[in-house]
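Shown here is one chain on its own, the form predicted alone, set out as structure tokens.
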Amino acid sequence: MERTDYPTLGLVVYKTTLPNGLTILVVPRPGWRRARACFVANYGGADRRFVLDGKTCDTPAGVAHYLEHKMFDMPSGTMDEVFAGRGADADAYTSEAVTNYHARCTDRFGENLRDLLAFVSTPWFTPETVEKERGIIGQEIAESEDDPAFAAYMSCMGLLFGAGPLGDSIVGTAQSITAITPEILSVCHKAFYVPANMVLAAAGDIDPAEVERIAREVPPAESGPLPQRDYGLDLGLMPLETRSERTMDVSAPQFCAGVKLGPAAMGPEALKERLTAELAMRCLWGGHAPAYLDLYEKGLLNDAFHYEPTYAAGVGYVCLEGESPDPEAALAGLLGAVDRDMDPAFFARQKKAMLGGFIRMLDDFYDLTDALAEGHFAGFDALAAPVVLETLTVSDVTAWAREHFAPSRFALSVIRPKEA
């Protein structure tokens, strides 16, 4: 395995790509009580239309998430049962961009890693088990649709992207999941769960050579062809619609404001883009930012406010979400900060705070392994963040924010309380 030293971080990363195309990233952390491995497919809720072996496949909303649920089953039992028997645990999540299967344990790491790779690499879909899962996922969909924050978010995504890969919920709808069959799950597993479309990242008091040996033994020895993804037409930077409103059982209005950032960069430039976006939002809207404090003081925002940048389906976008008695005034106050000059001293403090957060992340095996996987798929070294962050200037970040956060490019979704 290739070894890369990060002396300023006190870390070493071992990396290799197996003949089947699977990339392995291992960070030995001597003395850690726990170890974690994540086995991640470059396949998320937005990957619904693709071409494989010359055939175009259109899949219903929710297939990636449905497949995540089904990969916990094998004829010999469930992943939960196997890991619980060793005092370990396994879980998974599906985002717009990836499906991440992960396991953590305090001992018997090799056995747990072997089973994690085996479950995810082995498709087992029977009509009975697929139908049983439909009820479980249907309940999850019903619960999410009753969540006002989720409703505001999905309405905002519809304003930005319309009906399509990013405009539909990752979990699908009660109607869309009725069309998911064992055959569709098998096709998607064949297309996306191939070694060359996956990455294995692990951290803990573990031996990189053991990780590589197990990874050579369990997944398929060869990788199938990679699918050609189709995310539809370029919808441009402007929202398709700018405003939506509905009522639900909420005590105060909820809102989600979104903006498209444009095509997502790849390679080292992607890391710079993401750090610039994060630093810009910290300076504009973070917990210590003047605009946020002013709106908090006026009662237009509370500590439920948060922002989230996302990169999926080849594009980036940002959502600002929260609760406010006057969402329009709150958004106007937030966007008003974009045209004001950033205080250089405040900017410098936010850079230091970001660096501190990055250093803390290195001691969190969840964040560390997920960051390595994200960087792999976007083509950058996640551990280069401190070096890149140091190069960002207040003028760079200000110019980026003014280019991407023009008020005319935002869409606003509001959930208001029902009248008594």
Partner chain sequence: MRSVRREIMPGVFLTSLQTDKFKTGLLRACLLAPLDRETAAKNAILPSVLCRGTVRYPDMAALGARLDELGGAELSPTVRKLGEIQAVGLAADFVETGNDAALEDMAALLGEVLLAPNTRGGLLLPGYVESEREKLLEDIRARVNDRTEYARSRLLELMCPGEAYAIDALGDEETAADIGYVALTRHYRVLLASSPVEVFYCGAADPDRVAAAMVDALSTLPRGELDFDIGTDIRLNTVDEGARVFTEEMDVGQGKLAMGWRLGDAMEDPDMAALRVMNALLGGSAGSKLFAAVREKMSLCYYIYSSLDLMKGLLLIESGVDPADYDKALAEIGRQVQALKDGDFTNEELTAAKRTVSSDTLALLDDPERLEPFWLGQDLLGLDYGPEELAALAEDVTRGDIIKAAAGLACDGVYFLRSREEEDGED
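Positions refer to the first chain, counted from 1. Just so it is clear, the structure is predicted and the values come from calculations on it, not from any experiment.
Note that the form predicted together with the partner chain isn't included here; everything after this is about it.
The partner chain is absent from this chain, but in the model of the complex, do Gly31, Gln139 and Gly356 each have a non-hydrogen atom within 4.5 Å of it?
Yes, the whole trio is in contact, each within 4.5 Å by some heavy atom.
Work out which of Glu323, Asp115, Glu273, Asp168 lies within 4.5 Å of the partner chain in the model of the complex, going by heavy atoms.
When the partner chain is considered in the model of the complex, the option within 4.5 Å is Glu323.
Have a look at Gly85, Gly77, Gly267, Pro225 for me and say which one sits with a heavy atom within 4.5 Å of the partner chain in the model of the complex.
The option sitting close enough to the partner is Gly85.
Is Ile184 one of the residues lying within 4.5 Å of the partner chain in the model of the complex, judged by heavy atom distances?
Although the partner chain is absent here, Ile184 would stay clear of it in the model of the complex, with no heavy atoms inside 4.5 Å.
Can you tell me if Met248 lies within 4.5 angstroms of the partner chain in the model of the complex, counting non-hydrogen atoms only?
Yes, Met248 sits close enough to the partner chain in the model of the complex that at least one of its heavy atoms falls within 4.5 Å.
Could you confirm whether Glu328 comes within 4.5 Å of the partner chain in the model of the complex, counting heavy atoms only?
Glu328 lies outside the contact set for the partner chain.
Given that the partner chain is not shown alongside this chain, does Arg108 nevertheless sit within 4.5 Å of it in the model of the complex, heavy atom to heavy atom?
Heavy-atom contact with the partner chain at 4.5 Å: present for Arg108.
Which one, 95-103, 190-198, 291-299, 225-233, holds residues whose non-hydrogen atoms are within 4.5 Å of the partner chain in the model of the complex?
The contacting stretch is 291-299.
Check each residue of 329-356 against the partner chain in the model of the complex and list those with a heavy atom within 4.5 Å, in sequence order.
Residues within 4.5 Å: Arg349, Gln350, Lys352, Ala353, Gly356.
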